[in-house]
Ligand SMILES: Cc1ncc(COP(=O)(O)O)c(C=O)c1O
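Take a look at this one chain, the form predicted alone, written out in structure tokens.
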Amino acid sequence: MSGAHANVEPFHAVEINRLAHARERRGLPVIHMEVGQPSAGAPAAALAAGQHALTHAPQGYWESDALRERIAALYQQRYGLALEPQRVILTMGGSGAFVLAVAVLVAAGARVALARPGYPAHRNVLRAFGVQPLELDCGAATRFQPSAAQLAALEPAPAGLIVTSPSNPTGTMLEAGELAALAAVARARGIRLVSDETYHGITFGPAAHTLLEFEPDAIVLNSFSKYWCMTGWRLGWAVVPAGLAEAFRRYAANLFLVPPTLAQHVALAALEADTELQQRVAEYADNRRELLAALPQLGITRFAPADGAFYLYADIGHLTSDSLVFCRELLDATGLALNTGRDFDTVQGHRFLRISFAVSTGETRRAIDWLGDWLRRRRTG
């Protein structure tokens, strides 16, 4: 039997993570900077709410109206946007939100544009649904983000465009003017916009803008995994136009039933934990500064601008012709786990690696030492 699975590529970060955990089981040290997850767990108050819910709340199928209302209030708090709670669709993580968006909005055989480099699950989910990913080559000239000119030049117009700001793997952001320009081109050409805003809340300069500020009918996806440090709880949401909310709910019920009940209780408390979470963002900022200062001393000098998220996307083409081999050798020799750019860019990714710095500052400093020692041995060996 054949099917769309033949077009879905492996996720190398998972392989490197598996090798890193195997090393730990042998009692060897590892620093995990290969996967995109905070090393700290959910905020303390959120975990306490989860403990209470385990004892006092039924754990059957359930969707929290209070959580939808609180997420709607978040858009007023962060962006000054009034949002009807019924437009918020609770999902099985941000990934579940994206699956719903593709299932509801895009017909098999259609083309959907997205940036390269970009999050691999986007293009692989499209392929799994029989949709053609149309990759836009987004390099340093456009700060690794799609431009309105690129979108306007596509013939014929694609059915949709996926934007991610801040981006995985690059951490780059689209400024307000760039988002407005993309929205204007998409509106004029009948292109549906899907905005993955998973890394909002984690920025190192100006705050991120939601695409809803410029296109009220955009589909906006988010997750509790990154800013709220709830990666394993598998809870996210989509904001959809009122006219599509019922279709999204029907698909969600059939594909996933409901999101994890316990996670919804935890998320309600996590939304009130900004003080603790901002301290974590401050630590990410410290880690970013450490890396940006140290890596050029090790001969790694070319990075995407890391405006947000918790990644550095670095060009190591002068060090290797295959960054996956580089990452495997580094892990085996030192215990430092980084990820290859091949996950994010099928054309130039062999030149790049992604460093996730959502770890402690102590771990970041040790990682710099391990990498530096290994590179020196590599040069002289």
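Heads up: residue numbers just count along the shown sequence, starting at 1. This is a predicted model, so every value here is computed, not measured.
Although not depicted, the form predicted together with this ligand is the subject of the following passage.
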Check: Is there a heavy atom of Arg280 lying 4.5 Å or less from a heavy atom of this ligand in the predicted bound form?
Finding: no
Check: in the predicted bound form, does His265 have a heavy atom within 4.5 Å of this ligand?
Finding: no
Check: Phe204: heavy atom within 4.5 Å of this ligand in the predicted bound form?
Finding: no
Note to self: Considering non-hydrogen atoms and a 4.5 Å limit, does this ligand approach Ser95 in the predicted bound form?
What the structure shows: yes
Next item on the list: Report the stretch among 136-144, 181-189, 118-126, 67-75 that approaches this ligand in the predicted bound form to within 4.5 Å, counting heavy atoms only.
Entry: 118-126
Margin query: Please determine whether each residue of Thr170, Asn339 and Arg342 possesses a non-hydrogen atom within 4.5 angstroms of this ligand in the predicted bound form.
Written below: no
Notebook entry, point to check: Does anything in 185-199 come within 4.5 Å of this ligand in the predicted bound form by heavy atoms, and if so which residues, in order?
Noted result: Asp196, Thr198, Tyr199
